[in-house]
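In structure tokens, one chain follows: the form predicted alone.
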């Protein structure tokens, strides 16, 4: 094929479908293949894509430190990133004629590894960390109270090199190379203004965000996220995920707060634990995913059910009891995590686990109290080690003609 690359052709097809679609975060369209691996997700809408979008198979999450101290330069970068992000989510190169169509005397404007690949349902979601509001850019009075510095939880063993950040970008796609290409090109565009602080690759989504998806399994082998919020639960999303007018500040209305936790799972120890103990710790059957004492995965979780000997069928320190909304006054969150493996730890054990991501309307009343209880009482904590932690304010979706920094910088 000459003149127009396959990626550009895929992209133009996808962009046309996207324009005809619905708001970002809810639309999900097959662009040039009948299967969802080639789908295009609309970039613009009232909420950012990549939150309630049906969870893709792969993720590349990156946190940046802002190295420029120039407010106008940062705002300009967010405009440039928006243009590139919109193009890449439509299956296009980061800039027109980027990889091979520019001047041969200059570095290419696109790194090229996604040529010939479709959009693969790529979504790019941006967030602003607490440190962005430290005074360098005159944003101190615009920091939301809900964007708190996360407290230290019992059993945290956090690595500063895997934590925090001024900015984050969550790239999700059904092709890992498409997600990596997107992050790589945003980092390239930001050269001299931002630097990568840490990043995490993920595979095998560990939660569903739509009833059209089946429940996946985590690296402990259990179905994960059975009772997660779904895109179809619009009233519950307004109650638990989207920042509402009056929550303050106004620039976050329609946005949400992202909490990321890198959780190493001591899988070698878990693998030597009996099935009965594993199921008691989780509170569900490993095969069906049914709550202990029930028959089917989606049967109600009865926290009061007891066995003939009088013991709770779901133990007092079982994970699903301590994480249940009923244990926390009805509090819920939208989970969107991924499995990871990062090689070995040098001691003959895999460095593997869950990259936990959740979206909250207010982490002070949602993530923090739930995690505080889990870290103190959850029997599963014996097998877990939290090694990274971060929180970001994700602004609302990008309106026509707008960019990622509009609501924050005005």
Partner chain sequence: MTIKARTLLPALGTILLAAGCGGQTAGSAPGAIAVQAGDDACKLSTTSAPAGTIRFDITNTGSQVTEFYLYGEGDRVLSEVENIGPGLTRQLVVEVPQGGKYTTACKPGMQGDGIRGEFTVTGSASAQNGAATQAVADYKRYVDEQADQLKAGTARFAAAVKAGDVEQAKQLYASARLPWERIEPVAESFGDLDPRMDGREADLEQGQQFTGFHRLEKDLWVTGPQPDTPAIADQLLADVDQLVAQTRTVQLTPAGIANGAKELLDEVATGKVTGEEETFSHTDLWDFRANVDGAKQVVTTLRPVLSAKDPQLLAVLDQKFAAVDALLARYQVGDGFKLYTELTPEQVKELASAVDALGEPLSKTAGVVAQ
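Residue numbers count along the first chain shown, from 1. None of the values given here were measured: they were computed from a predicted structure.
The form predicted together with its partner chain exists for this protein as well; it is not shown, and the discussion that follows is about that form.
The partner is absent here, but in the model of the complex a heavy atom of 280, alone among 126, 84, 147, 280, sits within 4.5 Å of its partner chain. Shown without its partner, this chain lists 219, 76, 315, 187 as candidates; in the model of the complex, only 315 has a non-hydrogen atom within 4.5 angstroms of its partner chain. Although the partner is absent here, residue 364 lies well away from its partner chain in the model of the complex, with no heavy atom inside 4.5 Å. When contacts are judged by a 4.5 Å heavy atom cut-off, residue 103 does not count as touching its partner chain in the model of the complex. Its partner chain is not drawn, but in the model of the complex it has no heavy atom within 4.5 Å of residue 263. Of the heavy atoms in residue 272, some are within 4.5 Å of its partner chain in the model of the complex. Contact with its partner chain, judged by heavy atoms within 4.5 Å in the model of the complex, is confined among 57 to 65, 352 to 360, 44 to 52, 372 to 380 to 372 to 380. If you take 119 to 157 and check each residue for a heavy atom within 4.5 Å of its partner chain in the model of the complex, you get 151, 152, 153, 154, 155, 156, 157, in sequence order.
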